[in-house]
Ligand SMILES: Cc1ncc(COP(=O)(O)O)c(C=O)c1O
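One chain comes next, on its own, written out as structure tokens in the form predicted on its own.
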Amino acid sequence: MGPCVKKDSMKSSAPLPREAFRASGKNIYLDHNATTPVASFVREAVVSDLHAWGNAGSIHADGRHPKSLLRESRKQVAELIGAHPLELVFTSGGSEANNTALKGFRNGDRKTVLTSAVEHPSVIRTLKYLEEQGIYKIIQIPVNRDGFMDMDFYQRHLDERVALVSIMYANNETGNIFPIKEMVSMAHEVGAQFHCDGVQSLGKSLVDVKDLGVDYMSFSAHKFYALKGVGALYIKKGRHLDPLIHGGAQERKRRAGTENTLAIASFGRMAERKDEIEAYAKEVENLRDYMESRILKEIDGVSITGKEAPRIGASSSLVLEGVDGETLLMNLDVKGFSVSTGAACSSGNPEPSPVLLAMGLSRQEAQSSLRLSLGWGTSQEDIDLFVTTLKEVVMHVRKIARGEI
């Protein structure tokens, strides 16, 4: 028989050092918006949690341990985002959470959905599918290259025909934060519901779903130093949501399938670090600002996309004149740095970032972009090494482009 989990067994202890959140590979990792390293204490806990191998739906002794883990984790994740535990549905990740909200919500006979032009593909493509099926009409709200959403456009198109507004908390490429609380209030005034893709929020800022007022909000554990394969969808009490996956009665009949107990437990353990988020987020933002200051000072022909609007402190989207982003990425990889040119889900796509194009950047600018995203384990030494190397690589690539080498 597996041991029962005590109520306080998942409580965090003293704040952990930066090293607990560092990537274990040889490269200096600057791609935290794609995924984060699994925190060291989470890795250690996974070994212990492997003993909870039973099915949480079983009522015998071997099911009680995983059920306790599941219950405690739900409580901790709910506390992290300011929700009631029963308002959470665990999913396989952020994409499933987004799909569930967009395909499962109902709001009378309204047929219009407002979204932004810079949403994650799991939102954009899901809404495109719904429009192609004749279920909803989709209207995209513009975002300019400074990172500001066109609120006048939003207000003009917000009326009694709008069923849902779906806007991300923060963009996964530029880091721009959108005025969710204000937009929610405006949506509710006309009877529209509001979904927020909050995948890029965890670990980068404190999020309170009650304060924001959202009806639905999506999250993903692997963006927050926990295991891949688990996410969560907040569903405000009183909101009905048709399940995306039918079958058993798991998740209060809102998401069928045996729960991924191990990954959910890892999510719960990271949620216990809530008290550390603000301090780490500020450290990361200071490092990001230091990095950008050095880059702008030491490398010519660099601009920062969305710099004028509010941003999460982890993100920086650069445009480097005369440099192909993919070429730059590969050269930096060889030099020992993991970076990105855009969203990880679009890796291998030869087309420039749809987000940057939607913000008004030219194809050439978008193809000369580099996305940097710092994490809790990033140090100033990492940044100093990166900027020095970036300067060398950019100079080298530009000489090749000019035919000087």
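Don't overthink the numbering: it's just position in the shown sequence, from 1. Keep in mind the model is a prediction, meaning the values are calculated, not measured.
What comes next is about the form predicted together with the named molecule, which is not displayed.
None of the heavy atoms of R311 is located within 4.5 Å of the named molecule in the model of the complex. Not displayed here, the named molecule is kept clear of I235 by more than 4.5 Å at the level of heavy atoms in the model of the complex. A residue is said to contact a partner when one of its heavy atoms sits within 4.5 Å of a partner heavy atom; N98 meets this definition for the named molecule in the model of the complex. Looking at L127, you'd find every heavy atom of it more than 4.5 angstroms from the named molecule in the model of the complex.
Contact annotation for the candidate site: R288, S316 and L370 all lie away from the named molecule in the model of the complex (no heavy atom within 4.5 Å). This chain lacks the partner; the member of R110, H120, R255, R273 within 4.5 angstroms of the named molecule in the model of the complex by a non-hydrogen atom is H120.
Comment: the named molecule is not present in this chain, but in the model of the complex one of T305, S166, N172, S266 has a heavy atom within 4.5 Å of it, namely N172. Judged by heavy atoms within 4.5 Å of the named molecule in the model of the complex, the contact stretch among the candidates 154-162, 296-304, 218-226, 255-263 is 218-226.
Residues of 17-46 that come within 4.5 Å of the named molecule in the model of the complex, judged by any heavy atom, reduce to N33 alone.
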